[in-house]
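Starting off, we have a lone chain in the form predicted alone, written out as structure tokens.
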Amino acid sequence: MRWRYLKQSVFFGLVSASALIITLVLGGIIFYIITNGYSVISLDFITKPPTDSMTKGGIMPAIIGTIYLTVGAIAIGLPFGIASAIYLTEYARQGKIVRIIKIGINCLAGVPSVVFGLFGLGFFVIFLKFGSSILAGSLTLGFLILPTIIGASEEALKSVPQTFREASLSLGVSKWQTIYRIVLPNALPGILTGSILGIGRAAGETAPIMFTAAAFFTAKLPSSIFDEVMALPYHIYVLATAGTNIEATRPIQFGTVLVLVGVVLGIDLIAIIIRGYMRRKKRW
């Protein structure tokens, strides 16, 4: 008996230590970014375009471009992801074909982002002739986050009790109305959790937008979805690799990283607020 309690204490200690280490590492990363980047954060840095070969000025075009690409990716990935999850969970007959599809989705989640970037370049930019644009970049990022959203949506739909469906169908309600009015509203908080994960990945990817949407430098804001844009991840990459005086731009690099983290957290916060509102409306 004493040995069993000892093993339990050791296991709990290891779990607690792991959580503490992760928290300390995350805190260390955030602290390092803040201490190296806070000095350049100002109103001009956020509201003005870069100047002097991007060694001075601000990053406003990159902020706007990142928001456009992220929102576009969610607008594309979320409807397709939810629709796919509804089909796989509610309509598809469970069998070999569905298992193959799910394996394909899981494999797609592990594909490197640079492969998605090359796919977007070949299909959206060249074949469909969208050019380097917000549309091509958003479509590429939408396909990139699709597996994450499908997986989270499937689990959220499965978490809705089967009795809800049976009660609705027993009252003569059609299957689609049951899904639309009963299942989907109760699954939305879980679906939004997957969307939050997708937002973080879409906003922080460099390789896909490098091939499909990001401009090295442009001071003007986009006027249509067919314009190319600056983006924070690619801007950070350029500052860290393409300059002749990289050390001189180090504060701007970390300041840009700090802004990118803030943009991602801001978009995530909106999704979290919506998720909390949906959860409060649930009656089970």
Partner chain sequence: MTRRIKEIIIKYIFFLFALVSVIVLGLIVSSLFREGLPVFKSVSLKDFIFGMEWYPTYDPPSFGIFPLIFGSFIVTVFATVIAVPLGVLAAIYISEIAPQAIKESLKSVIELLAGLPSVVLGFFGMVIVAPWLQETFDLPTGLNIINASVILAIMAIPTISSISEDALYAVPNEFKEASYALGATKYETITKIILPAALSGISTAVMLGMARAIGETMVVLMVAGGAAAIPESIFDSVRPMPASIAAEMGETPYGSPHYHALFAIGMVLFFLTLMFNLIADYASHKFRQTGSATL
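Not measured: the values here are computed from a predicted model. Positions refer to the first chain, counted from 1.
Although it is not shown, the form predicted in complex with its partner chain is what the next lines describe.
Contact check for 152, 190 and 220: none of the three has a heavy atom within 4.5 Å of its partner chain in the model of the complex.
The closest heavy atom approach of residue 265 to its partner chain in the model of the complex falls within 4.5 Å. Its partner chain is not shown here, and in the model of the complex it never comes within 4.5 Å of any heavy atom of residue 158. When contacts are judged by a 4.5 Å heavy atom cut-off, residue 38 does not count as touching its partner chain in the model of the complex. Looking at residue 116, you'd find a heavy atom of it within 4.5 angstroms of its partner chain in the model of the complex. This chain is displayed alone, yet in the model of the complex one of 229, 54, 236, 63 has a heavy atom within 4.5 Å of its partner chain; that residue is 236. Contacts between 255-279 and its partner chain, taken as any heavy atom within 4.5 Å in the model of the complex, involve 257, 260, 261, 264, 265, 268, 269, 272, 275. In the model of the complex, the CA atoms of residue 266 and residue 223 move apart by 3 angstroms or more relative to this form. Whereas the shown form places them at one spacing, the Cα atoms of residue 270 and residue 35 lie at least 3 Å closer in the model of the complex.
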